[in-house]
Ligand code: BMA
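Taking the form predicted on its own, here's one chain by itself in structure tokens.
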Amino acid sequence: MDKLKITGNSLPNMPWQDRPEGSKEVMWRYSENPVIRRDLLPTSNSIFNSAVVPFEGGFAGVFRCDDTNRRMRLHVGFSKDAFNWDINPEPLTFECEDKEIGAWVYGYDPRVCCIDGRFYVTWCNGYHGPTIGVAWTDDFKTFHQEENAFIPFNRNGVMFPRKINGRFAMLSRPSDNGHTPFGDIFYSESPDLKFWGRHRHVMAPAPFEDSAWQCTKIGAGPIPIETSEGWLLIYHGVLATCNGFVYSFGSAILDIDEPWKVKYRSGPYLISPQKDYECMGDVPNVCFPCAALHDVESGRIAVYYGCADTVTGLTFGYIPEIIEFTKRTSII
């Protein structure tokens, strides 16, 4: 096989910790997890399911910070090393010309995607139920809110890091108004961030007999990474057990030109709830990936994931190894 080509930028200062001696895991956890504790802010009940990107020689992010009223809020944060974060105690606010769309209800589980030097934020936005909000910023100070991408009910809006066929592209997971007991991933395109269409089905939960950790529902995680094998997608899957939902995450490879076509999909998970901070918290047994940093020179990847809906964890790996794992264990 030809050498894997990874698209992106050199990021030698990305957070990293070598694989523990003797470990054979494809991805391994940061030994000092949780990397972001629940009470980093004076009024935070929990900080999890958040997104980070390289920014001005360091890192910036949009963080889900549920406050001690248990309101779901978004906050901006900055870091020099992507380990230690300075999160603004004041919630993020959006500029929006349409007062109806811009009226704040709630916001959670953000993703941040850089396209042509501009940062786009998607999040689960409250508008007569959960839908996908879209905004952009150049400086992480002023955020310009666009139209909601879809009508309720929808979650897990994840944009691609470049236009596809000349259009913005997004993955999403249509849902319902409750804690959705089902969920397939879909693909959509937009010429202008206002009108989204050309919807295509990507993948459904796996049959229980093939891969139980992802048999109830699935949803896109971090921004897909472009490689010569296709788009590498880290996604979460859910198993319904007698003790409630269990959230784990695995990997898939999507076709580079038609991303709604899945080439490979891991049968085993990459990370599942096993550590205390993943198994105990406001919502036990959750590993929910929302962001990834990667370096094209070394092939390193660092994935930020929400743990038990309470704190933020960090896990590491090598993109070539994850690609090989995905192909070797594929259930497609």
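All residue numbers are counted from 1 along the displayed sequence. Given the structure is predicted, the values throughout are model-derived calculations rather than measurements.
Another form, the form predicted together with this ligand, is not on view; read the next lines as being about it.
The shortest heavy atom separation between Arg64 and this ligand in the predicted complex is within 4.5 Å. Using a 4.5 Å cutoff between non-hydrogen atoms, Phe168 does not count as a contact of this ligand in the predicted complex.
By the criterion of a heavy atom within 4.5 Å, Ala291 is excluded from the residues contacting this ligand in the predicted complex. For the chain shown alone, Phe94 is not a contact residue for this ligand in the predicted complex, no non-hydrogen atom being within 4.5 angstroms. In summary, among the residues Trp260, Trp104, Phe153, Tyr108, the only one with a non-hydrogen atom within 4.5 Å of this ligand in the predicted complex is Tyr108.
Checking Val26, Val283, Leu40, Ala60 for any heavy atom within 4.5 Å of this ligand in the predicted complex turns up a single hit: Val283. Just one listed stretch, out of 108-116, 189-197, 140-148, 204-212, contacts this ligand in the predicted complex at the 4.5 Å heavy atom level, and that stretch is 108-116.
Contact with this ligand in the predicted complex holds for all three of Asn49, Lys217 and Asp309, each having a heavy atom within 4.5 Å. Within 4.5 angstroms of this ligand in the predicted complex, the stretch 246-275 places a non-hydrogen atom from Tyr247 alone.
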